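We've got the same protein chain twice here, in two forms, each standing alone as structure tokens: structure 1 and structure 2.
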Structure 1
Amino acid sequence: MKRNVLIAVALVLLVAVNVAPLYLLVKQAFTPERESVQWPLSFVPKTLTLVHLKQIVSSANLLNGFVLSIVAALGSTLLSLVLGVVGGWAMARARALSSVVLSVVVMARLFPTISVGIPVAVLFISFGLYNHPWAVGLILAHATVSLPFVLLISYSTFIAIPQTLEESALVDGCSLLGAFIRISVPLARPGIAAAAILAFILSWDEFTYALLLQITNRNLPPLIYYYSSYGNIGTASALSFLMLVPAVVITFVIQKHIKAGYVTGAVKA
């Protein structure tokens, strides 16, 4: 009995530690700033207001930042999935090269983003991608962040799918590309869905490249930083609250595809 009570208390504390910052963020987004900075801190809002959200809607700069974040996250996710899924499948089917590729991928992630951000910025200036109004350079940069993870997840997923299924499709007259699209990709859907969620979140939350590569055409993370540093706690909290919405929606929409049964069924076959 005592053990169960301790476990329950530990779980409650764990939930509280994770939920409390989220609750305070929502509270600050919908209450006047004076309540956010008062001491002692009040967890119960005294006055509710939509002034911070109205400021975002009325500011073209903030709305553009929100749209730019969506474009960058979706663009980099799509690019990472196309390259990572194909690359992961190729690594799973040519295992002699997989160890070399995996070593290179892991080594590439050892370098901090800030250490390669300036060379990337110089390169993008040469190609006209720096501070691009549609964040083309940022999409490419974010893809380099998420691609290694997508590649590793895809490799782990495809290696669990028996190659004999593709070979059977080839015997039945299907091309290699057709076998990949019709057989392997549907069976790998759970892993691809997980990789898509991770790639989106990595781009959505990424700060360093966004700060270095988009000087005037800012997306949300740098804007939140600037509003916070200048003491606009309410507006920064409202922006952070808006950042939660697409991430939750994308996760909710994609997570239904994450079912281990697909790959399990392929292995049993």
Structure 2
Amino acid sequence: MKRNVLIAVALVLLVAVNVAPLYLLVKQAFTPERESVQWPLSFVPKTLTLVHLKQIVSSANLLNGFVLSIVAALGSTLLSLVLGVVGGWAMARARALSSVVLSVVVMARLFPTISVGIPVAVLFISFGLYNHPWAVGLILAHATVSLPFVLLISYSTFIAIPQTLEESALVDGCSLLGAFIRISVPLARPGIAAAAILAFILSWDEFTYALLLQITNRNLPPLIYYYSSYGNIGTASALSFLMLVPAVVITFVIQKHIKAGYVTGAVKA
């Protein structure tokens, strides 16, 4: 009996600590600004409003942030898939390569974002990629975050696909690359899809590179940071809500495909 009470208390605590902050965010996004500052703060919304969402839709700057976030996420996903899927396949088929590549990947993952980000920003300034209106620099930076995961996921996916399938295609007169494109890639589709979704989310959520590289052409994370710093809680919350929705939906859709291993590696940069 005592044990059941303890479990119940712990569960209530878990729900409160993990759900209440998200509830407060949604509340702030859909109530007028004054309800987010009026003392004492109320946990129950008094009036509901779409004024913050309307503000986002009518502001070129905010809409552009939304577009830039999508552009950066799609661009870096595409780039890391193009490089990583082929690379992962090569690693799976030439095992001698895999240990070299894996050590580079691990090395790359060890460097803190800030240690790489500041010199990258300095270099991008001289290449004209810094604060790029189409976030080209940010795409390149985000691809370095997602590429290690795409390589690892593709590697483990292609290793699970028997090499004999490709070999029989070779016997039938297919080239090695043809066997890869016609036989292995279609079989690896679930793994590639998981890698693509993870790459998208990594870029979508990433804060440090975005803050360092997009100084005025900001995408969503730095925009939210600035709006919150200047006390526009309603707008910052509405932007956060827009950022949160795809992240939550996508993660729960693919939850069963993500093994603990991917998640543990996907820690913030």
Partner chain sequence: MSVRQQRNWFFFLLVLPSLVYLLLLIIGPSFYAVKLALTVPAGIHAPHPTARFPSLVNFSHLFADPEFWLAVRNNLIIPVFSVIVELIVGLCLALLLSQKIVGRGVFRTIALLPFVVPEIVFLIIMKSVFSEHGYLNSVLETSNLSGVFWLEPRSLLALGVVILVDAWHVTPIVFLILLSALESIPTDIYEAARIDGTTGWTLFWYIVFPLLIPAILVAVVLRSIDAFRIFATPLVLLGFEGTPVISSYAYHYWIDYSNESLACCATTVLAIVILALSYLYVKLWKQAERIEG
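Here, residue number means position along structure 1's sequence, counting from 1. Just so we're on the same page, rigid core means the largest C-alpha set that superposes within 1.5 Å between forms. Keep in mind it's a predicted model, so treat the numbers as computed, not measured.
The form predicted on its own is structure 1, not structure 2. Each of G234, T157, L220, S76 except one sits more than 12 positions from any hinge; the exception, lying at the hinge between rigid parts between the two structures, is L220.
Between-form comparison between the two structures gives a rotation of 12° for the smaller rigid part, taken against the larger part from C-alpha superpositions. Relative displacement of the A247 Cα between the two structures on rigid core alignment is 3.9 Å.
Superposed on the core, the two forms differ at L13, whose C-alpha moves 6.1 Å between the two structures.
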